[in-house]
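As structure tokens, one chain now follows by itself in the form predicted on its own.
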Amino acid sequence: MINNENIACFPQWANYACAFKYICEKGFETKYIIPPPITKKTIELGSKYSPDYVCAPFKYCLGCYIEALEQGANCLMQIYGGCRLNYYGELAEVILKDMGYQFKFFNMADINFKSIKSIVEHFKIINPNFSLVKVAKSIPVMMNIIKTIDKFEDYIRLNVGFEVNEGEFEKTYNEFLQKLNNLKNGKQLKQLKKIYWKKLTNIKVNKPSKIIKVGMIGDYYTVQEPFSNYFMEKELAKFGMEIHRYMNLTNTLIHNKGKERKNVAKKYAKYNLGATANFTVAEAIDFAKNKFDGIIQVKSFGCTPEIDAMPILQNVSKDFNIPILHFSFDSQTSETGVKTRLEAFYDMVEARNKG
């Protein structure tokens, strides 16, 4: 039964909004509002009402919530994680209600996923009359949306720095995302995937024989949300680099490579560092073993697991003779400073590459 009362919203996160929109509208039969693109206003709003030393992703999400509430959302959604993220949903709810907003809050950290009763009770927050069958049918399509997004973006990272006609990848991909926002079913997804994969792979690129390859690693949110890392992948592409990033929902959620990554990192990180820090170390090792020219770690200010990973990454850098550049982002980070450091990093890896 269609729920005309709730308007759900999940904070802006990379390009996954269309996947969340699909499962809400087709699975839970609840209206979904895609929050506006993250801007400086978003982080200013989030910072204004957040505790001072909370990590930057919390501030981004809180800002997204406020903007979505102002646009009519009344059922906010929050994911869970392996760090302080588990407590952030409760904190955001308290802050927003203290501000006077009225809404329902679907917090995945509160769900006991071993209990069908707990799952059903929390799903009723989204739509009291939801159909478990319809939700189950929508999950595979949602997963395929995520996998398609990640496949397309992986291909773009490898080639966008070498496109013959500047902006062609971005224009084609944005057109594809707009189509996904109004996706009707899995059959339509299959058709769109075929059409736009052909369009992307037909875009002309001019790659030199010797390519500078850079791997990006870091905390779950900052490495995936372009605005939070100042669109670093786009900046690196301007230098004519091939950019690689393993961290995405396909690898972490769908393929569940967490245990595999911890095994790769075991020599350098015997114990669990928390959140996705072991994943970060494992990615660095893989990039180093595959003779990459450099690695960039991006993290939010105050992300303890990623801070713990930094000295370990220095050991990887020393053992494999690969440069690793560290960036820490918060609401006060200078965009000019980021670009200057990236230019210096490029100059260094290019000189090493030529040598």
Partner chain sequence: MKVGIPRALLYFKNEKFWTTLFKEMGIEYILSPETNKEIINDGANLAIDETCLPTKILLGSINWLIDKCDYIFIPRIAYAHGQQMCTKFLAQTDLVYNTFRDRNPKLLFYDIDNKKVTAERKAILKMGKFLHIPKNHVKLAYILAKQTQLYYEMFRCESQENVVKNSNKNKILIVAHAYNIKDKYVGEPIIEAVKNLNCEPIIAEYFNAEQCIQASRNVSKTLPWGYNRHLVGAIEMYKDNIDGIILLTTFPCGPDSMVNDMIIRKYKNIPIITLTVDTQDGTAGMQTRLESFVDIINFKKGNL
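Numbering follows the first chain given and starts at 1. Quick caveat: nothing in here was measured; it's all calculated off a predicted structure.
Missing here is the form predicted together with its partner chain; even so, the following discussion is about that form.
Asker: Should Leu273 be counted as a contact of its partner chain in the predicted complex, where contact means heavy atoms within 4.5 Å?
Answerer: The answer is yes: Leu273 has a heavy atom within 4.5 Å of its partner chain.
Asker: Do Ala109 and its partner chain share at least one heavy atom pair within 4.5 Å in the predicted complex?
Answerer: Yes, Ala109 is a contact residue.
Asker: Hey, in the predicted complex, is Lys318 touching its partner chain, heavy atoms inside 4.5 Å?
Answerer: It does: once its partner chain is placed as it appears in the predicted complex, Lys318 has a heavy atom within 4.5 Å of it.
Asker: So, in the predicted complex, is Gly82 in contact with its partner chain at a 4.5 angstroms heavy atom limit?
Answerer: Yes, contact at 4.5 Å.
Asker: Sort through 85-93, 200-208, 145-153, 240-248 and report the only stretch with a non-hydrogen atom within 4.5 Å of its partner chain in the predicted complex.
Answerer: Selected stretch: 85-93.
Asker: Identify whether its partner chain in the predicted complex is within 4.5 Å of every residue in the set Arg157, Phe169 and Met216, based on non-hydrogen atoms.
Answerer: No.
Asker: Ile312, Ile33, Leu45, Ile324: which sits within 4.5 Å of its partner chain in the predicted complex by any heavy atom?
Answerer: None of the others qualify; the residue that does is Ile312.
Asker: With its partner chain left out of view, which of Gly27, Pro57, Gly294, Pro305 would have a heavy atom within 4.5 Å of it in the predicted complex?
Answerer: Selected option: Pro305.
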